[in-house]
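Shown below, as structure tokens, is a lone chain in the form predicted on its own; questions about how it binds or moves come after it.
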């Protein structure tokens, strides 16, 4: 346990040292930088909920008209036509329209709409077609540590630290202390109210670890998304799809003979109907169930972020009609109220995902009585 504690303290020290000293800025001249119009607000909100290659906390425009971005860069890891290429995201200077070209290991790269392109060797700028697609470059395999990936790593390390400490207290048969007192009732709730009744007494212990991991992973990331850090990990379709695929693999691999018999050759129905039911059941098990898991989590979390950001934007869009004080007061009251609801939604979405995962697993391992 001392290793975990030392690792956690080391990580905290690194973040404390690195974050303040890694603040970087885009010195490109830009008029104003304010977001005032409806179109600018909509574009800003959509940009806010997307993933990014750097970790920006906030931005401002100084007296010289330079746009400054406070945050820290993240590593860009690309597999190109010449092999692996790495550099820091600060090389792009927060540019996302392809006007900044980064030269690394004899190759040229540009970032367009959060996608990194490898340009032709003789290219001095990005050329676009009428649909604003780069014509003198191609996308590369991007394995970068993005803002969402960074958030996953941080939350993963925190969970490892919390539950390792809780497990050590259980081994010593001690009453949990500290943050363990918060975790213990939630652990028991997931075990006794989600895993046991949905999977059954015989099999629930095999899957409780996964269900606990999924529940706390989603819940903590949902809460982190409500902080000023601006995480939107569970609002990324790739993340929710991976979680749904994990559940799909588990209940597919754990399915017993009865489960597959009811899917592929449904007993108790006419023989001519069984092939049709098999197609429907396979589509439900392999497509519809995981799709419902990933879309529900993605849509609810993304919608919550969009609503909160839209209410905050009231102070800018309605300041002419309501005045600065009126628009700010209305924005604060509404956004505060919705944020309180989002705290409940953060728990609710973690609960629903875990409950449905347990239900799907329980259906796969259930033993049927044959008469």
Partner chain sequence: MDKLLNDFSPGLFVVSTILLLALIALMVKFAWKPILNSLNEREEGIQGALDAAENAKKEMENLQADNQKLLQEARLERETMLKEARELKAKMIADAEEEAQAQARKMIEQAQAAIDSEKKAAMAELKSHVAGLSIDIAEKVVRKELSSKNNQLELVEEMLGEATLN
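Numbering follows the first chain given and starts at 1. Quantities reported herein were computed from a predicted structural model and do not represent experimental measurements.
What follows is about the form predicted in complex with the partner chain, which we do not show.
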Any non-hydrogen atom of residue 239 within 4.5 angstroms of the partner chain in the model of the complex: yes
Residue 51, heavy atom within 4.5 angstroms of the partner chain in the model of the complex: yes
Residue 217: touches the partner chain in the model of the complex, heavy atom cutoff 4.5 angstroms: yes
Any non-hydrogen atom of residue 91 within 4.5 angstroms of the partner chain in the model of the complex: no
Segment assignment from 223-231, 67-75, 278-286, 137-145: heavy atom within 4.5 Å of the partner chain in the model of the complex: 137-145
Contacting member of 101, 243, 85, 266, with respect to the partner chain in the model of the complex [4.5 Å, heavy atom]: 243
Residue among 127, 257, 121, 205 with a heavy atom within 4.5 Å of the partner chain in the model of the complex: 205
Residues from 286-309 in contact with the partner chain (non-hydrogen atom within 4.5 Å) in the model of the complex: 298
